[in-house]
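Encoded as structure tokens, the following chain is the form predicted alone, with no partner shown.
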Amino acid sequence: MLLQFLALSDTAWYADVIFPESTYLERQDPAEVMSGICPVVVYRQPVIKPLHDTKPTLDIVQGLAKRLNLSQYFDFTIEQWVNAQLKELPLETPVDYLKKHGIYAPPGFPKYGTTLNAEHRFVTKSGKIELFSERLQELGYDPLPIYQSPTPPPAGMLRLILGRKAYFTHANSTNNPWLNAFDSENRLWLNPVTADSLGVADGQLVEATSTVGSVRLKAKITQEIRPDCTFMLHGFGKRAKWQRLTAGVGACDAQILETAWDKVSGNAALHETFVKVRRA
């Protein structure tokens, strides 16, 4: 198993080999296209030199290719890669332009905050903003969806709601000392009415159990959660011991999260798990 990781995470814990990759602030990356009402090409360049003994992705791949006698397929530099990406842009010197401006926006595209011209078409079948979706209708779904109340929790159980805080990037940065100082442990939120019925006090250890597993963490009694719901912050309860600030601290939501998805879009449904909570 080969992984490149910014932090030695729980996933990296399972790896046989770990390649320390430079962060996005330390390396030149291929140009990126960002879609939207006004698509743009973004130039991605380093702003600092690598702080430690790390390498960018292309260097790692080329090193592996050399060991596998496949060097001929990766015989180029990152600069050549970027130049090849940008050569079709209608600019005299695309790289110089992007180094100066950071992004390139095609002329004629509307900008945010301006009025769209009559010829503009959206990525829909009609080319317009659709409240009634012809594509959904063709696929046999309600073209104008009607709100349906979510399934209420079974008796004695609570709906588990997951979430993140703005200063944590998914689960990657909870072990960062500066960011961890803002919130060093996740807790299970309980409404005072719910906590009273369970005999749980603020800060007391509780156990939350779903059909796939159970976790233990401290309770947080707050009016900010509904009586039929509970909440826990993502990114804690790590198993990798090198995540010293979060290993065994709080609990990991993945241990109790059940698999569910939206039947129309296929998107993950992360709030469809019901848990039973009790004093630990």
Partner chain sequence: MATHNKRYVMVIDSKKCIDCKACVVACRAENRVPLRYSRNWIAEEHRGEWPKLLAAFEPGQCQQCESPACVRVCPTGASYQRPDGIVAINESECVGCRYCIIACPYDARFFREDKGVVEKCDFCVQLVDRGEIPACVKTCPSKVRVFGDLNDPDGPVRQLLERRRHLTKKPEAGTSPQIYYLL
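This structure is a prediction, so every number in the text was calculated from the model and none was measured. Positions refer to the first chain, counted from 1.
Keep in mind that the form predicted together with its partner chain is not shown, yet the notes after this line are about it.
The stretch from 45 to 53, 60 to 68, 31 to 39, 225 to 233 that comes within 4.5 Å of its partner chain in the model of the complex, counting heavy atoms only, is 225 to 233. Proximity of residue 105 to its partner chain in the model of the complex falls outside the 4.5 Å heavy atom cutoff. Its partner chain is not drawn, but in the model of the complex it has a heavy atom within 4.5 Å of residue 167. At a distance threshold of 4.5 angstroms between non-hydrogen atoms, residue 83 is out of contact with its partner chain in the model of the complex.
None of the heavy atoms of residue 139 is located within 4.5 Å of its partner chain in the model of the complex. In terms of contact with its partner chain in the model of the complex, the residue from 179, 161, 78, 157 that brings a heavy atom within 4.5 Å is 179. Checked against its partner chain in the model of the complex, the residues 191, 184, 209, 172 give one hit for a heavy atom within 4.5 Å, which is 191.
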